[in-house]
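Only one chain comes next, encoded as structure tokens, the form predicted alone.
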């Protein structure tokens, strides 16, 4: 699946260069979407962009649901914070800056703002666990969405428009790969072992010198920051933000990606994110062929069958070879 994304990245970089641009090398910009000039149709281009963003989201949530055992339902809220904050800062303070400066500023601001909110929620809600933590994070996500809906500075109910589109398929692919490698390093390190210890038995982890609350808060902050990065990728690739994108349905979708792929598996998070991104578009062909709007029915049946036949997810605890732990 990653090879498929990488091919899309290469195609995007190669075919978005017109012959006129090639004649003047200094005009080449790998940060320009240029969907109209790409050999990939705008439809498939958008699907691949969404696939990359969903992989970032699913991988970031794996730090909580999969590695630390925290059940959270508010990931869309952190994505919204990163997207809206970065878009507001770039539009207000860097409207004419170079795309590279806008990119790094957006990623820094988006991840930092989401992580700060994650820190606040972490200290306030991570003394809870299970369904109670899920309800707290779900409520937080809705508070963020409704608040953004009523802030005119970020567009309010109209949404935020005219956001510069300097993130293309190649950049989303690169960012997704960096996020995957970062999460793998975290998982294989000392902090990763502490997360798995807390997931298995908090009391036993505490007895061997691990502070469960500290581990949970750190994992929550890291996961929130990466969700903010996904929000930045979404905002600056689409060029428009609406609060309807970040409802609780989006949070449930991200959870489903982890569960379908396999909780506790980084490879499963990637596979689940890719599958639930592509499945609705694949089933669209079935709808076009039959002429009956049964796409979402088939989507739901597919998920039910996967859970019946593979109750631990498609991969369970298994990892692909290149993502397996060295220990």
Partner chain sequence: MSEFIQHTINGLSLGSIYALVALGYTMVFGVLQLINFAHGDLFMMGAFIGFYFIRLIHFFFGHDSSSLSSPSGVLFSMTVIVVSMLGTALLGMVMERLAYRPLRKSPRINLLITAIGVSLFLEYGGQLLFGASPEFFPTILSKQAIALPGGVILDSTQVLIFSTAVVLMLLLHFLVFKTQFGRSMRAISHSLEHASLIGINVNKVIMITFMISSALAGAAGVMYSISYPKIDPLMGLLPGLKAFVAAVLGGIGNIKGALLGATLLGLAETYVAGYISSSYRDALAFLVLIVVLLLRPSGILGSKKIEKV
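Keep in mind the model is a prediction, meaning the values are calculated, not measured. Numbering follows the first chain given and starts at 1.
If you look for the form predicted together with its partner chain, you will not find it shown, but the lines that follow are about it.
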Problem - Among 120-128, 168-176, 107-115, 93-101, the region lying within 4.5 Å of its partner chain in the predicted complex by heavy atom distance - result: 120-128
Problem - Proximity of residue 88 to its partner chain in the predicted complex, heavy atoms at 4.5 Å - result: no
Practice task
Using the partner position in the predicted complex, report whether residue 275 sits within 4.5 Å of its partner chain, counting heavy atoms only.
Solution key: no
Exercise for the section: Mark residue 286 yes when one of its heavy atoms lies within 4.5 Å of a heavy atom of its partner chain in the predicted complex, and no otherwise. Expected result: no
Problem - Contact test in the predicted complex: residue 159 vs its partner chain, heavy atoms, 4.5 Å - result: no
Completion exercise
Picking from 138, 197, 213, 186, the single residue whose non-hydrogen atoms come within 4.5 angstroms of its partner chain in the predicted complex is 138
Completion exercise
The one residue among 181, 143, 153, 208 placing a heavy atom within 4.5 Å of its partner chain in the predicted complex is 143
Handout entry: in the predicted complex: members of 297-316 within 4.5 Å of its partner chain, any heavy atom
Key = 297, 299, 300, 301, 303, 304, 307, 308, 311, 312
